[in-house]
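Single chain ahead, written as structure tokens, the form predicted alone.
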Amino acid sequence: MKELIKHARELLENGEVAAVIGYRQVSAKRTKPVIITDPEETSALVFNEYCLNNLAVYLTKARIKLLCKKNDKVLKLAITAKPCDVHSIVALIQENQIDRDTIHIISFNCHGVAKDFGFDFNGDNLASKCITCETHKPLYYDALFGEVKETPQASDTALARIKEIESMPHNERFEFFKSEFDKCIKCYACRAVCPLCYCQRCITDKTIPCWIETSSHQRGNFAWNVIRAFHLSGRCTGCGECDRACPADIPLSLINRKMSMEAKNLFSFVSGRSLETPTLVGSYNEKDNNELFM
């Protein structure tokens, strides 16, 4: 990754960016996010099959925005992003949370990542989002690195599971999600890692009035998980971080992917794919499919 290190160093030395958000290797099969402001520290930057975190989540954090302000001048942030993570950046730009002119996107030709830290990178341990990924080269970038390689082959077990759940009678489907949501401990890790959960104050943190019960029981768990799924409808870019972060192994991405499938089927919309396309929930078209309301 000499090219990545050289590029990041030049950006900081020339004062083109306030910081570089990237990855640092911490063990053979594990990386962690790092925010670099010193050109000397860019030598720690890496990009490989264990760069799992979606770093776009940092772009809307207040503490990161402070880095961009220097003598009343707004500086850019550089971010290393997998092609699928670029989708999240696009979605944030579409929703007016960040400005394209203030983000320097460093991306890579990607052939997939491992499903989690500690696993070998192969077809058996390929992240589910990589199995159906069609964006091996980023749609938007300011600098592009990495070789073009083939992604390991694997079956789409997530889609098969979605179809299996859809075929269940309503009562069985309810029991399936009840058993899954019963495992929720309300840690909100899914919220913390989601780039599209950028509200400064989440509805779950409001107690007067209390919209969602904070205790970890069936009613509160159902409300939290279902409402969050609705909030991500037509917005989720499918990064899969919620699944990976959940300590209870609740398959949250099954719901989010199903919602994304409906958005594509009914409105031909896929989140985070085009800066020229208005957001699904923020626009109205007379030709939109009305099947949902009939």
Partner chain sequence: MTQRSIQMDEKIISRVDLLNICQDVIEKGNTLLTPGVADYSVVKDVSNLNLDASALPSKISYKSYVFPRTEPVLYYKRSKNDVQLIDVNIDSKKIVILGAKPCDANSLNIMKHLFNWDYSDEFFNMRAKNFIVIGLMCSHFDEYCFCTSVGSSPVSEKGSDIFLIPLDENNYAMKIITDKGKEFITPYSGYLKSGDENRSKRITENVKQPDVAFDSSEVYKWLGENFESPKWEGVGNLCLSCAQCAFVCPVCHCFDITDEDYSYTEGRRMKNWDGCQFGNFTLHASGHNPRDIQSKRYRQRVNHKFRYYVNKFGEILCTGCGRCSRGCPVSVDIKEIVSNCKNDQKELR
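Positions refer to the first chain, counted from 1. This one's a predicted model, so the numbers in the text were calculated from it and none came from an experiment.
Below, we turn to the form predicted together with its partner chain, even though it does not appear here.
Look at 134-142, 106-114, 147-155, 189-197: in the predicted complex, residues with non-hydrogen atoms within 4.5 angstroms of its partner chain sit in 189-197. The single contact residue among 254, 245, 263, 45, judged by any heavy atom lying within 4.5 Å of its partner chain in the predicted complex, is 245. 221 is the sole member of 88, 128, 221, 80 with a non-hydrogen atom lying within 4.5 angstroms of its partner chain in the predicted complex. The putative spot formed by 49, 84 and 120 is not touched by its partner chain in the predicted complex; no residue has a non-hydrogen atom within 4.5 angstroms of it. Using a 4.5 Å cutoff between non-hydrogen atoms, residue 182 counts as a contact of its partner chain in the predicted complex. When contacts are judged by a 4.5 Å heavy atom cut-off, residue 58 counts as touching its partner chain in the predicted complex.
The closest non-hydrogen atom of residue 205 lies within 4.5 Å of its partner chain in the predicted complex. In the predicted complex, at least one heavy atom of residue 31 sits within 4.5 Å of its partner chain. Residues 213, 214, 215, 216, 217, 219, 221 are the members of 213-230 with a non-hydrogen atom no more than 4.5 angstroms from its partner chain in the predicted complex.
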